[in-house]
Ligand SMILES: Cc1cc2nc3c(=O)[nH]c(=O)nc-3n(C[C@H](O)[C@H](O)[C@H](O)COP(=O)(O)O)c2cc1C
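In the block that follows, a single chain appears as structure tokens, in the form predicted on its own.
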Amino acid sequence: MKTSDKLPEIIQGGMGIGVSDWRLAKAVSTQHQMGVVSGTAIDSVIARRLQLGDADGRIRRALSDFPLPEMAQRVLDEYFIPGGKPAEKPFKLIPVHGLQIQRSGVELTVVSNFAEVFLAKEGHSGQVGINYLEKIQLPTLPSLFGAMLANVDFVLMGGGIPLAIPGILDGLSRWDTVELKLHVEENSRHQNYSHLFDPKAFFPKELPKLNRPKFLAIISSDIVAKNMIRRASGSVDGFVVENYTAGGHNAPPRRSDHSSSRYGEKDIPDIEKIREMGLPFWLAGGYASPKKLKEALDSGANGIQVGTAFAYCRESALLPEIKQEVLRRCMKGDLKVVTDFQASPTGYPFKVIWLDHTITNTDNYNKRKRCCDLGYLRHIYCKENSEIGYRCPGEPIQSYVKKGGDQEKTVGKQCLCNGLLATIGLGQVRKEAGSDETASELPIVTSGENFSFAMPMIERAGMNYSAKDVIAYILGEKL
């Protein structure tokens, strides 16, 4: 992909779980920038929206356009509840992904990715991307297939080094069976464990055309960029260069120092070296301002990726009360964003905002009964007999240790899967300890460190600003 005036200057960050939903992506894309939906755990998101009754009917309308009506109907039959489930009743869980996941789980994954991209692209000609985490491998192949059935324009992936994805996109576009080699812990014999996916298995007759989306790797250094270009299984179409102030998961520090952040100069991306590689790139992590956009363009970048400013706009799926509290505390100078080196089961640093009513609060964390019933961040490990097992540092400690896990790795671990679903109003309902009363899982809030956009945004458009307001501010447009 050559540099082109048609490439957007602003890419909206793909914030999971479900914060960057189709409404936000569509709002950005209709402003001639790139809207991005989050593909992380989108099967759980769609299943729970259906269980809440799909009040506006949008998901059902998207599924009515799915090229395999029988598959879409099976998903509806399994999860759709007319009028929505009672508030005190728990959500029905979807099948947990594994090497031998049942077909119903694969179908839900394909259909969910299709629906989210379809709704984001509907009614305009703007560009829409979908974002995935490389660390979450087991749903990747059916997820990509579902997004491609909806003609997604870009695939963005970070949270690891996604060397296999470009070639997988090539293969799916040809309707080939594709393979993803899995990260397996304690694999001392270096055996090959892979996930295979045959797209033809779903289309026994006529195969619709699948366009190969452009692939952008989310990276944190020129070393990773060079690695992607040299070793990726297919062509890389560009990079999002994310520094360690960005929200969500961050790359681990290349060298720990004695500062409070534990990041140092070696963790600052070398933009000049990345520019010399000749591919389009966008800068991310604190770039939501006209000044920072100009700085990025002057450095040779095609533009910027912006997450946090969009996360608190009215089209994002974050609960309104969370948006308002964060913005109020920001305006008062009472907002604390920290890089938590223990929270994520992935082992990667993870940005969190400390709020009293979230699981980050120590009392709330200690009261919560550990469980791992969604399993997106489970680690695959090799047993003595070479069979595959699954464990998560966020599951009950005794269970994790019984599976051979190191108890030290459970310290401070948060259940990001359940916490992030709660952040968008889809938290699981559970009985409280020693009581018949029920309560929803508490949220966990992640954001970038830089909130310098907040004051000018709120002065321009108020606390309930829109995605259009964000874009106008960054582009320097007057009200």
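A residue's number is simply how far along the shown sequence it sits, counting from 1. The shown structure was predicted, so the numbers you read here are calculated from the model rather than taken from an experiment.
As for the form predicted in complex with the named molecule, it is not shown, yet the points below apply to it.
At least one heavy atom of residue 284 is located within 4.5 Å of the named molecule in the predicted complex.
In the predicted complex, the named molecule lies within 4.5 Å of some heavy atom of residue 131. Using a 4.5 angstroms threshold between heavy atoms, residue 305 counts as touching the named molecule in the predicted complex. The named molecule is not drawn, but in the predicted complex it has no heavy atom within 4.5 Å of residue 216. Checked against the named molecule in the predicted complex, the residues 139, 162, 393, 247 give one hit for a heavy atom within 4.5 Å, which is 247. Checked against the named molecule in the predicted complex, the residues 447, 51, 33, 428 give one hit for a heavy atom within 4.5 Å, which is 447. Here the chain stands alone, but in the predicted complex its contact with the named molecule, taken as any heavy atom within 4.5 Å, falls in 307 to 315 among 145 to 153, 201 to 209, 307 to 315, 167 to 175.
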